[in-house]
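First, one chain by itself: the form predicted alone, in structure tokens.
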Amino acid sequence: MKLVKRIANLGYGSRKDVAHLFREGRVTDAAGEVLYADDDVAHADIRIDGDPLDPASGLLLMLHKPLGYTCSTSDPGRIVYDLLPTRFRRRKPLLSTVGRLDRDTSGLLLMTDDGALLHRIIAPKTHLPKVYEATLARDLRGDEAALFASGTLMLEAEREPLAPASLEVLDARHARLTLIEGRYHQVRRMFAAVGNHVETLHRPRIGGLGLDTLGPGEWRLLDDNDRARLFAPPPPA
């Protein structure tokens, strides 16, 4: 693939825009030598304004989604793509969110342009645990953990009961819930089914990946070690 098209597909601009970068001498190799559009250069050796190119197709990143942002490309309000470099919204293939966090939920959000990886992460058969921390409007009754773990809880308008989920009580109105599926507004609907209301909801972990030191609105690219951690089985209790 020609360098102009390769760089344009990463969202750095149209082919015309990228051609202009070459004419201005802003595309170089790792040693700082100016590159030309017909040069044959390894992806890892290309620089734009001195910075390495974003990863090619197969990118995976994690974002600490703040409250008030939606997982959409077209919502009239604030969207998660506003928190990333503009070029990420123009990548081909499209950079998509791996599942969704609603506007009123914060926490760890994964994004990728790899369709097979996306489906592997969200597939119920993968059994990838997702951890949520909820602040509730009312005190817990005391029987929620047993009910959520039973695999018999039916949500309104659903045809199948929920898979067993683990509930850890942090205090009377705070709980940590671990799920292996991701139905629409599942955590909020689970607590609604037991007569409670979720006031705040945060997702700190997916699989073996946590937010670590990422603050709200911050993101980072994930490498092979991160991917291995994502799918690593949890340590024995």
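All residue numbers refer to positions in the sequence shown, first residue = 1. These numbers come from a predicted model, not from an experiment.
This protein has a second form, the form predicted together with a small molecule, left out of what is shown; the following refers to that one.
- Checking 26-34, 43-51, 187-195, 204-212 against the small molecule in the predicted complex, the stretch whose residues place heavy atoms within 4.5 Å of it is 187-195.
- Taking 89, 78, 120, 100 one by one, only a single residue has any non-hydrogen atom within 4.5 Å of the small molecule in the predicted complex, and it is 100.
- Though the partner is left out of this view, residue 148 does not reach within 4.5 Å of the small molecule in the predicted complex, counting heavy atoms only.
- The small molecule is not shown here, and in the predicted complex it never comes within 4.5 Å of any heavy atom of residue 112.
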